[in-house]
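Coming up is one lone chain in structure tokens, specifically the form predicted on its own.
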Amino acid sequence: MFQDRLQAQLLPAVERAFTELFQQQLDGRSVSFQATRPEFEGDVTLNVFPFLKLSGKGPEQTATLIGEFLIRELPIVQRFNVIKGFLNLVIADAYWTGFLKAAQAHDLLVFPSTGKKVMVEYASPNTNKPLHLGHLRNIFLGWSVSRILEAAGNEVIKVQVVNDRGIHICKSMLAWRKFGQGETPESSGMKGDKLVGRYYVAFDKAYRAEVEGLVASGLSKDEAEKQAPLLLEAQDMLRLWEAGDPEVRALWEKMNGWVYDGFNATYARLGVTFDKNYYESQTYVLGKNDVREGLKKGVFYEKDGAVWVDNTPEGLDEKVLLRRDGTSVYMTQDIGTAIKRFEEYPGLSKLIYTVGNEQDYHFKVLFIILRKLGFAWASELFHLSYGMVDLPSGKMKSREGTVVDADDLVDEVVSEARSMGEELSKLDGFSAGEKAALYEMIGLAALKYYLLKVDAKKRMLFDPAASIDLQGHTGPFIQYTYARIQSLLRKAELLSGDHGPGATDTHALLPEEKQVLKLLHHFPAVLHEAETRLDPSSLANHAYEVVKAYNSFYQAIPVLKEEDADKRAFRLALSKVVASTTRRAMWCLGIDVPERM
């Protein structure tokens, strides 16, 4: 169980209180401390209602007796108050100043090694179109979860599955062969993924025209869609690809190469990487032998020549795993790929799939099947499900060419950052190159933070203009606060060396100072929660609360103008820890922070 430094001191004392006051043994695992509600005096609250049977007394008397015991036994407890059965404890200033010293010496958001190895899968694009807004939420979520897991002491392996085969790929290939006239990324001046995506749209446009013509000739729409010559040609191309036809394979490799170059350029701009790529053209043959082995063991059953799994006892449906002709389905591939990963990475303790919520059912079935096959690690599989992202213009449709292109969206938020910077005119002394780099950093922060601050399970609306607001709940606001602190530290000539609070152990904290310290103190617990729930939104929102509290402190209390050297040193030390912790929190979100802004 995770326990922060304050709870580590309070819990043993509360356990002793029950032993000495009530002659009862308290199970510390059942004790939960909460932050005191803002309308009451206090820093941390203990709810005593669950323990009244042990105390044998009423809630207020129980809380009062425990409070008096803590005052006697624990110097860090300064005073207390009781509201019904809630014991609100005020923690002495010396504890908070001591915490600040410790925070200067140790990064709050780096935990000791767990010895665990975790794999995170994310991105998983198709090679028939460029990355879009939906991919961005996936990528940022997977990348941030990877970094949070790393900060929490895990070894992390980042992977993606590239969907590089199938009828959708053949549609782009066929359209390029028919209409492309040898066009290449170099000749067109387009990124390779965009060029291939254009031919995917071109196929759909030509296909629709053929369907309309067939319907006009008397066929039903269903018949026309199945008999359209373009679709039949694409299906023939897929069969040739599966048969290893040299010409089709060469075209496939060339066009996929264009797409990979385009993807890699986008990934580089986004600042994300992968430790290993899995390609569906290689993994689609996996799983067949595993299914046949499951059939022999009686895990699966045969019906009409196909192999099925019965998940009705688990409240799900029956599912075919091998067709009558011996071909596999996506589930079969995923079974084989999961097994392969645990074979390739001995000691792998957890596998996380970052995939949209439209695949919730698929992963429920996959995990059940792997448990039925007897793999102990199947209980450590997790589907990191997330909701769709919409723009004010509405839902995206890739076949119609209305997808919100990832590169275009990044360009838009960077442009918003540029407009904001030029309007505020705060970049005197920046070269043109430094301005461009800063606008890129701000734009990416706006995009990433806006997508990560919302609980991943929720469907969300992305507003590019709102994401860039320097005064709002945004990434740029957090960046701006970090840059402001760096400017303050430069002015105080405290950029180098270790500057502890010094004689400020006796410094009586002002409410604004204490609020910042309390939020900093809570950061490790928030990181632990983010790791446990695989949810970057809690970390993102807490980072915002810290910088918001710091800005209130900065506006209300002079730092450099303070004449008392001890107080000035304390406030500079506090500022420095806020900056370093904010930088680390933003690192966990995949966001860079500027030294000047």
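Take the two forms, superpose them, and find the largest set of C-alpha atoms that agree within 1.5 Å; that set is the rigid core. Every value quoted in this text rests on a predicted model; they were computed, and no experiment measured them. Don't overthink the numbering: it's just position in the shown sequence, from 1.
The discussion below concerns the form predicted in complex with the RNA, not included here.
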With the partner absent here, would Arg324, His362 and Tyr554 each sit within 4.5 Å of the RNA in the model of the complex, counting heavy atoms only? yes
Contact assignment for the RNA in the model of the complex, among Gln227, Ser487, Asn264, Asn277, heavy atom within 4.5 Å: Ser487
Scan Thr312, Ser431, Ser217, Gln471 and let me know which has any heavy atom within 4.5 Å of the RNA in the model of the complex. Gln471
Contact of Gly421 with the RNA in the model of the complex (heavy atom, 4.5 Å): yes
Looking in the model of the complex, any heavy atom of Thr62 within 4.5 Å of the RNA? no
Evaluate Pro558 for contact with the RNA in the model of the complex, applying a 4.5 angstroms cut-off between non-hydrogen atoms, and reply yes or no. yes
State yes or no: in the model of the complex, is some non-hydrogen atom of Tyr544 no more than 4.5 angstroms from a non-hydrogen atom of the RNA? yes
Contact stretch among 316-324, 196-204, 170-178, 114-122 - heavy atom within 4.5 Å of the RNA in the model of the complex: 316-324
Do any residues of 84-119 have a non-hydrogen atom within 4.5 angstroms of the RNA in the model of the complex? If so, which ones, in sequence order? Lys84, Phe86, Asn88
Given a superposition on the rigid core, I'd like a yes or no on whether Ala565 shifts its C-alpha by 2 Å or more between the shown form and the other one. no
Can we say the CA of Glu68 moves by at least 2 Å between the shown form and the other one when the core is superposed? no
Checking Leu52 here: with the core superposed, does its CA move 2 Å or more between the shown form and the other one? yes
Taking the cut-off of 3 Å or more as given, in which direction does the distance between the C-alpha atoms of Asp411 and Leu470 change in the model of the complex, closer or farther? closer
Knowing the Cα distance between Leu470 and Leu133 changes 3 Å or more in the model of the complex, does it shrink or grow relative to here? closer
